[in-house]
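This document opens with one chain alone, in structure tokens, the form predicted on its own.
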Amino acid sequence: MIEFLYTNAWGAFIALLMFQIPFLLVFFHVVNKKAFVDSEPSKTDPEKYSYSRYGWIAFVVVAFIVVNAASIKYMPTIVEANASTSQDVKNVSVTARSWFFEFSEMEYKVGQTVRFQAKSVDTVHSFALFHPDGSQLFTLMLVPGAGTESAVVHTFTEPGEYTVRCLEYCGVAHHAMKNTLTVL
């Protein structure tokens, strides 16, 4: 379940709702109470407000820490570091030029972990990989002269034709800058 929250756009949306809905419920409860139920000034001692305020701040801080701690293993730098210690990662070099991609390898196996190391030699490009169903798996920004290659580690879980596209406008033939990778 937690992997779904960090690796899927719907998961991110659900996580956002998990934070917004409780806030909205409390907000509308307070507004409704002050607007319709008891519109007179509050007779509550102001010191009691500070306790509830500290409680809310503590709740938000704890929730922030828990969510971020749970997401650490899904961060690209951590995935890259974990893949660096593995011996069965296939390194694939990708070079982006106006208006095509050059790959060191174009066919992969299901279950194979691949480190795409990509660079641009002429202008700003991006390297976006799309699942056969059309959903975007990841994207890399490729800036020429940046000093290092952009890299991402991905494990193919399903066979099919994966599309690679440039999502950064790179010139008049940008729309034709695409390629396909085959996963067997």
Partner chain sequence: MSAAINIIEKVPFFGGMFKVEDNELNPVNAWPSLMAMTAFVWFAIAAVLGVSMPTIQFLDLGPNWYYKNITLHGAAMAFPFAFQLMVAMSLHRAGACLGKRADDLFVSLFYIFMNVGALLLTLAVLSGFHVTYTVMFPLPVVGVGNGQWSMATLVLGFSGIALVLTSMIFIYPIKILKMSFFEKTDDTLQVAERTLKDPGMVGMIMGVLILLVTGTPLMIVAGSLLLHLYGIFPAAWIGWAADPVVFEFVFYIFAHNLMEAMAIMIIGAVYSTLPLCLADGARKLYSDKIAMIALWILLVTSLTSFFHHFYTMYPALPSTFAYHGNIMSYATAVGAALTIFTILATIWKHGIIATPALFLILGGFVMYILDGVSAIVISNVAWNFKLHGTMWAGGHAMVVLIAISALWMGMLYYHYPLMTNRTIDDSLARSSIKYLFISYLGLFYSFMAAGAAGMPRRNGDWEGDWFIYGGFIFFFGMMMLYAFVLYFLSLTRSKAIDY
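Computed from a predicted model, the values in this text were never measured in an experiment. Residue numbers count along the first chain shown, from 1. Here, rigid core means the biggest group of C-alpha atoms that superpose within 1.5 Å across both forms.
Not pictured, yet referred to below: the form predicted in complex with the partner chain.
K.L.:
V89 versus the partner chain, in the model of the complex: is there a non-hydrogen atom within 4.5 Å?
P.N.:
Result no; V89 lies far from the partner chain in the model of the complex.
K.L.:
Is there a heavy atom of P159 lying 4.5 Å or less from a heavy atom of the partner chain in the model of the complex?
P.N.:
P159: no, not in contact with the partner chain in the model of the complex.
K.L.:
Should E80 be counted as a contact of the partner chain in the model of the complex, where contact means heavy atoms within 4.5 Å?
P.N.:
Looking in the model of the complex, residue contacts with the partner chain include E80, since a heavy atom lies within 4.5 Å.
K.L.:
Flag M75 as yes or no: does it have a non-hydrogen atom within 4.5 angstroms of any non-hydrogen atom of the partner chain in the model of the complex?
P.N.:
Yes, contact at 4.5 Å.
K.L.:
Taking heavy atoms and a 4.5 Å limit, what residues of 88 to 126 are near the partner chain in the model of the complex?
P.N.:
Heavy-atom contacts to the partner chain in the model of the complex: S98, W99, D122, T123, V124.
K.L.:
Superposing on the rigid core, I want to see if F28 changes position between the shown form and the other one - specifically a Cα shift of 2 Å or more.
P.N.:
Superposed on the core, F28 moves its C-alpha 2 Å or more between the shown form and the other one.
K.L.:
C-alpha of T148: shift of 2 angstroms or more between the shown form and the other one, rigid core aligned?
P.N.:
Moves: no, less than 2 Å.
K.L.:
Once you overlay the rigid core, does the Cα of A69 travel 2 Å or further between the shown form and the other one?
P.N.:
Shift at A69: below 2 Å after core fit.
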